[in-house]
Each structure stands twice: as C-alpha cells, then as structure tokens.
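Shown below, as structure tokens, is a lone chain in the form predicted on its own; questions about how it binds or moves come after it.
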C-alpha cells in the first residue's frame, strides 16, 4: 500500500498501487498540471515509481492572474 496525503483536502489515503507518479495522480483526482508531488519528503519527477511503504504528498498548484 502507498500512503497518499492530499494536502488540500487534509486527507490520507492508503492506495493499493505500484507504478509511476504520472499514473497515480489521476487515481486520487489530480494531474501533473495541478499538483506537485513529494515522495518520502523529496520532490519527484513524473516517471518516478512508488510502491509498498512509500509516502506520497500531493500538493495542489495555485495559480491566478
């Protein structure tokens, strides 16, 4: 299980997933355009893999004009 912390929602999910960040984000309602991702406390690229015992923090990107 991957622990996914959704920072905006202040919610923690346990997701049965092993694969890349780019494929994980849609499963939790985000995309690369709408979020920055930390894996175990460090920023990661979209092709980084996650799996058992990882913690992923999804931080929404704020934009405006």
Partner chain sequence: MQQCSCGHRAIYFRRYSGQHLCKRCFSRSIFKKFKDTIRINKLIERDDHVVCGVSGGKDSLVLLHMLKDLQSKFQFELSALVIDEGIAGYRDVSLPYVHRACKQLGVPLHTRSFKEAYGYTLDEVTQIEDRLGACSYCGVFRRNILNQASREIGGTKLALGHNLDDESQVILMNMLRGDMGRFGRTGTFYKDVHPKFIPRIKPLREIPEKELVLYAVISGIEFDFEECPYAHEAFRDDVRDFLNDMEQKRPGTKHTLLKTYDKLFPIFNEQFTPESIATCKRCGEPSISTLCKKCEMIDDIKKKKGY
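Residue numbers count along the first chain shown, from 1. The model shown is predicted, which means the values in this text are computed figures rather than measured ones.
Just so you know, the form predicted in complex with its partner chain exists too; it's not on screen, but the next bit is about it.
Mapping the unseen interface onto this chain, residue 48 counts among the residues with a heavy atom inside 4.5 Å of its partner chain in the predicted bound form.
Contact annotation for residue 35: at least one heavy atom lies within 4.5 Å of its partner chain in the predicted bound form. Heavy atoms of residue 1 never reach within 4.5 Å of its partner chain in the predicted bound form, leaving it off the interface.
Although the partner is absent here, residue 19 lies well away from its partner chain in the predicted bound form, with no heavy atom inside 4.5 Å. Contacts between 1 to 21 and its partner chain, taken as any heavy atom within 4.5 Å in the predicted bound form, involve 7, 8, 10.
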